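Before any questions on binding or motion, here is one chain by itself as structure tokens, the form predicted alone.
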């Protein structure tokens, strides 16, 4: 293989815009707000494949339930959850031009200090004055620092009732827990999953899919009895999974551990180690190299207000370590607070052990960031081509079908094969435009693993040329054997 190098952020963004992966919302208007991005056809296919793999490796593997909750919830839900009081960022506003910026990030950028976002307004003001900081746009003075709540308010009905777009998919799972526990006869431990949109009114959305105001989450909440150990036979399935862990309590000690020996790394809870191992396996099955991922423990000041302990699952990208999954031990915080505010009993029976208020392990996965990270890791420049080396289970298209030239007999056979592959539920692209080399390059660039060319020999020997993306090797395959050949290649190919 020729010497290869990874693409830069700007080159990656150009790929996304020009090849239909993602692009800014309402981009024809110059004053459209930032932080909203849309998926094009190739990006949507890729995202759907990613979510399909998540369902396969985590939701179905662990026999979880999946729901689809409302995007809008009443104010009381977020008063109970603590989001209205705690989902806030510190901001300052320029008194001259009105520019608003996030105070802690700006002070850190200008001074090199590690600034805690939970400082008081007075403490932020002292730092601004001490370091003589001014508006980055016009040089004006800042007004008094304040707190900015990132919730999107929605007035519902003629009464304009206070409601909010959900900032996380988790709250639907918690408020639905009592109904689900009865109708689905839940037995602890039980995972409940959801994939969908969440909304956060970020002060400074940036870097395309990395920080958005409208984002897609794939979230899992596992409810369990904190006094009962995980079934050993279940844990044995993942005990050999390797994970990299950066432990804060040990002075940011970096370790590589087997899941079977890692419970002590995760607060002594084997159930947390089990679900972290499932997550590790899922990301490896999407192509992420194990050596470029880690679970980073968060300090008390960095973790979410509802978490007793927390780890970020991160990947090493060209932009540095990027958080993909928030892994939180939420204890019984959410069920207890919703029980208090709703006056409903959230306890459930746990067999002959009696009633228990379950604790929760959360895997809150950022789908958009994961898609960006995959593109970042696997969009490669080679000497004569650009290639997106996605695994077949994640690539937008598994295969492409080409007639070599524009002749009716070749186009007819190519169209027939194309229809056959679609009926087999292979995501397939058809292209009859341009030189064959150029068509190969277009497919390489969007990650298509296999190209099938109907050529002059096809009519004689009833076979076609199968080209593999990574090696560029070509072989003859009988038309009748192509679906099974693709199935084997898809299921067996490794990164």
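Quick caveat, the model's predicted, so the values are computed rather than measured. Numbering follows the first chain given and starts at 1. The term rigid core refers to the most C-alpha atoms you can superpose between the two forms while keeping them within 1.5 Å.
The same protein also has a form predicted in complex with a further copy of the same chain, omitted here; what follows describes it.
Taking any heavy atom pair closer than or equal to 4.5 Å as contact, tell me whether residue 440 reaches a further copy of the same chain in the predicted bound form. Although a further copy of the same chain is absent here, residue 440 would stay clear of it in the predicted bound form, with no heavy atoms inside 4.5 Å.
Classify residue 155 as contacting or not contacting a further copy of the same chain in the predicted bound form by the rule of any non-hydrogen atom within 4.5 angstroms, answering yes or no. Although a further copy of the same chain is absent here, residue 155 would touch it in the predicted bound form, with heavy atoms inside 4.5 Å.
In the predicted bound form, does residue 70 have a heavy atom within 4.5 Å of a further copy of the same chain? Residue 70: yes, in contact with a further copy of the same chain in the predicted bound form.
Give a yes/no on whether residue 19 approaches a further copy of the same chain to within 4.5 Å in the predicted bound form, heavy atoms considered. Judged by the heavy-atom cut-off of 4.5 Å, residue 19 is in contact with a further copy of the same chain in the predicted bound form.
One residue of 80, 348, 210, 238 in contact with a further copy of the same chain, assessed in the predicted bound form (non-hydrogen atom, 4.5 angstroms): Flagged contact: 80.
Within 4.5 angstroms, counting heavy atoms, which one of the listed stretches 220-228, 178-186, 314-322, 274-282 is next to a further copy of the same chain in the predicted bound form? Of the options given, it is 178-186.
Within 4.5 Å of a further copy of the same chain in the predicted bound form: all of 40, 44 and 76, by heavy atom? Yes, the whole trio is in contact, each within 4.5 Å by some heavy atom.
At a 4.5 angstroms cut-off on non-hydrogen atoms, which residues of 412-439 are near a further copy of the same chain in the predicted bound form? List them in order. Going through 412-439 in order - heavy atoms within 4.5 Å of a further copy of the same chain in the predicted bound form - the hits are 418, 422, 425, 429, 431, 432, 433.
Does the distance between the two CA positions of residue 423 reach 2 Å or more between this form and the one not shown, the core being superposed? It does not reach a 2 Å shift.
Rigid core fitted, is the C-alpha displacement of residue 153 between this form and the one not shown 2 Å or more? No; that C-alpha moves by less than 2 Å between this form and the one not shown.
Once the core is aligned, does residue 234 move its Cα by at least 2 Å between this form and the one not shown? Comparing forms between this form and the one not shown, the residue 234 CA shifts below 2 Å.
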